[in-house]
Ligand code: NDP
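Shown here is one chain on its own, the form predicted on its own, set out as structure tokens.
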Amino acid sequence: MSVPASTGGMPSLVGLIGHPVAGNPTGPMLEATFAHHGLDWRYVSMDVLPERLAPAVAGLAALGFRGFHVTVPHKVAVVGHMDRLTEAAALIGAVNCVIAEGDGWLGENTDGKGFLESLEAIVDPKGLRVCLLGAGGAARAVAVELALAGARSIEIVNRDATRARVLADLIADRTTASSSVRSWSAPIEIGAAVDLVVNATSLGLNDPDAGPELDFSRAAGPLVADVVVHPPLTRLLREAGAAGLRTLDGQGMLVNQGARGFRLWTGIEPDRAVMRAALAMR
């Protein structure tokens, strides 16, 4: 695939929409990667309130953006503003990466694949018993990819029981994994049967003192993962480490899903070492 050329000598534009977006490291990471590959592309982070999502998406089309990332709280709502969805995005019901396609938008979801790639460097997902915190866009992506990769069971812990049940039913109906729902009641007890805990909420984002409150007293050595990327060492991961548990931060997921988006936008496989180095400089 050839690299799209800039129009009229102007840089090609991509970016991020969400609320909040302050502190998100994707922009500096991708800007460094564009420069490394000699691409005249720019990445713009844009704070978009939920009630302004529709005009924001239309505005990006009017401005000629080549694509954009989507973060909380828009990953599910933005689906309704896409002209077409990939198979993965349609199954997950959430979009985190949008690609300009003709006169419309193609919605993709790279979150789950990015997480899975990061996880597989540590453990085989087959047969895992998972406790998943959250039922939003990131949680849906992670749950579906884990289930398709062979996880045995996924327990969804969420404050909104209806939303959790929708995700649990999706897992049960479309994959071979079993699913269950537990109400969010702090502290969330992690039992001995859990192999993997994933915080797929935004708790802890941009706040090193915030995070889900978990009780590991009955745990039997699960791997604890957090999708939050800033700060990389969240309160949850610090507490899990203090309890002697293995941890997985969100930066590997960020690099992996960012690399997929980079390739979808530009047609080039990015140098992931450059991406990781840019994150390390933050």
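Basically, rigid core = biggest C-alpha set you can superpose within 1.5 Å across the two forms. All figures in this text were calculated on a predicted structure; none of them were measured in a lab. So that there is no doubt, residue numbering starts at 1 and follows the sequence shown.
There is another form of the same protein, the form predicted together with the ligand; it is not shown, and what comes next is about it.
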(Q) Please tell me which of 254, 60, 248, 236 lies within 4.5 Å of the ligand in the predicted complex, judged by heavy atoms. (A) 254
Q. Considering the ligand in the predicted complex, which of 160, 120, 189, 207 comes within 4.5 Å of it through any heavy atom?
A. 160
Q: Could you confirm whether residue 203 comes within 4.5 Å of the ligand in the predicted complex, counting heavy atoms only?
A: yes
Q: Report whether the minimum heavy atom distance between residue 74 and the ligand in the predicted complex is within 4.5 Å.
A: no
Q: Considering only heavy atoms, tell me if residue 138 and the ligand come within 4.5 Å of each other in the predicted complex.
A: yes
Q.
I'd like to know whether residue 228 contacts the ligand in the predicted complex, with contact meaning heavy atoms within 4.5 angstroms.
A. yes
(Q) Which is the contacting stretch out of 122 to 130, 172 to 180, 193 to 201, 144 to 152, given heavy atoms within 4.5 Å of the ligand in the predicted complex? (A) 193 to 201
(Q) With the distance limit set at 4.5 angstroms and only heavy atoms considered, check whether 65, 93 and 108 all reach the ligand in the predicted complex. (A) no
Q. If we fit on the core, is the Cα of residue 70 displaced 2 Å or more between the shown form and the other one?
A. yes
Q | Core-superposed comparison between the shown form and the other one, residue 16 Cα displacement 2 Å or beyond | A | yes
